[in-house]
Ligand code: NAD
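Listed next as structure tokens is one chain, alone, in the form predicted alone.
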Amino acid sequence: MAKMIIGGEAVDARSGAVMEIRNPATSELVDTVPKAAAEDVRQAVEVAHQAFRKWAETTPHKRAEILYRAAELCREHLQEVAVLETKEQGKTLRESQLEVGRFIENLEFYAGLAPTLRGEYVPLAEREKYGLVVKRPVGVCAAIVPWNFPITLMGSKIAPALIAGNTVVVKPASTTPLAAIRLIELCNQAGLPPGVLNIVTGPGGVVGEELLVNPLVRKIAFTGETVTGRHVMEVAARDIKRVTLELGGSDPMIVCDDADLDAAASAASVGRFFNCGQACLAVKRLYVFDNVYDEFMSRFLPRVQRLKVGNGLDKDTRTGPLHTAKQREEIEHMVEDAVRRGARVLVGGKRPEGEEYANGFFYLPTVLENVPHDALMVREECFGPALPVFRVRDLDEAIELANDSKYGLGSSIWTRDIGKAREAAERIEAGYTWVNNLHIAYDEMPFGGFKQSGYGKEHGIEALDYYVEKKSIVIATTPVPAASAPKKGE
């Protein structure tokens, strides 16, 4: 049985309770993990709080040295961790390998930013005084991580937190804790002091809720559904905790009539069906100019039809199962709702047939047209392998429809016209716009959504701002006589 990591030690829940982790492709038992209660979370937070002062006083260069060593150790175990993730999450082994690689790159990126953790010198009006602005870590940080990308989304939280001098308690999704536990074991083996990086497994309503209300936790980094994110923000506000929220998305992709249609078709296929469509930044609405619509679809649909559905451990598989039965039911409900409203299924739209699919949560990659813009899969986040495609007259109509959403996470435009690209980039209400590019977030650039897609930024040097407090210090080079000091109330 896998165990939690608290204070550098592998531990069970005090109650002895466990949770089963099952393979979404086969429903077979992969392993069990502790089912923590609030008292287990409090222990982890207390340990992290006790470790904070020493870690905060550790030089950034020493912190970086440990993170580099952790990245090296994780790279040595990349294949082992990738297999573990595929078994618990369902994605293909190649996708898991890429994800573990991204986790390692994240550690290295923030380790490399250690020399940038500097303050400012501020000249003041009085010549005998000057000011300093210094950055201090905030304290214990909680990283609440979802099941769709349980490794990269953990890395984007713990790496900036650690390099800034904070301690961390990770709460992985209840269904995908195994790869996360293994990576945190490796990070601790790399030399992190006990208590600096901990992981607690258990239900969100228990583990996550205790992290939200515990007064020793000063920062919450959460990725998940918008409804849950709203709750996180509300509870964190009671103690004025810092929060970053990376929430839902319904990313639009616009294909103009001057686009490279082959490249756009390939990007739409990868962008929608990578990780079985279970990605915040997946292409979820596709707007194609009317005068190239038919030609584009003739290149796009065959690509979708060639995607082999199967067990993620099979080397020929290109898209694995949905993560849970509930996820599949939600996608089926959205497709049925669209069809009932007049949509037409062009590809997929059902479960694959055959014995190999009997025990997993499989659903064929699906493309629909004539989907009304008030259908569920357009108004809500469609978190699975179903894509509505729309004909549009021009760029104005495409941007208007792209913005007709409560979400604003990512977006893309495919065009050879720099003027169209600039107009889309400026007018689309989203935190990211890719021009002739796949929907991929880069460590070097800030990532966060507009509207109901989130609050704050992850990635980039900007992420560090959410893990430090800025403190102003005034220094008098000549002591100020008491007689010349301002009187009380002045």
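Only a predicted model underlies this, so the values are computations on that prediction, with no experimental measurement involved. So that there is no doubt, residue numbering starts at 1 and follows the sequence shown.
Just so you know, the form predicted together with nicotinamide-adenine-dinucleotide exists too; it's not on screen, but the next bit is about it.
Shown alone here, Phe273 lies farther than 4.5 Å from nicotinamide-adenine-dinucleotide in the predicted complex, counting heavy atoms only. Though the partner is left out of this view, Glu225 does reach within 4.5 Å of nicotinamide-adenine-dinucleotide in the predicted complex, counting heavy atoms only. Although the partner is absent here, Leu409 lies within 4.5 Å of nicotinamide-adenine-dinucleotide in the predicted complex, judged by heavy atoms.
Taking the partner from the other structure, nicotinamide-adenine-dinucleotide in the predicted complex has a heavy atom within 4.5 Å of a heavy atom of Glu209.
Every residue in the set Lys171, Leu247 and Phe383 has a non-hydrogen atom no more than 4.5 Å from nicotinamide-adenine-dinucleotide in the predicted complex. Note on contacts: among Gly139, Pro146, Gly348, Gly310, the single residue with a heavy atom within 4.5 Å of nicotinamide-adenine-dinucleotide in the predicted complex is Pro146. Cys280 is the sole member of Cys280, Ala161, Ile199, Ile151 with a non-hydrogen atom within 4.5 Å of nicotinamide-adenine-dinucleotide in the predicted complex. Comparing 227 to 235, 253 to 261, 187 to 195, 385 to 393 against nicotinamide-adenine-dinucleotide in the predicted complex, the single stretch with non-hydrogen atoms within 4.5 angstroms of it is 227 to 235. Residues Gly204, Gly205, Gly208 are the members of 180 to 208 with a non-hydrogen atom no more than 4.5 angstroms from nicotinamide-adenine-dinucleotide in the predicted complex.
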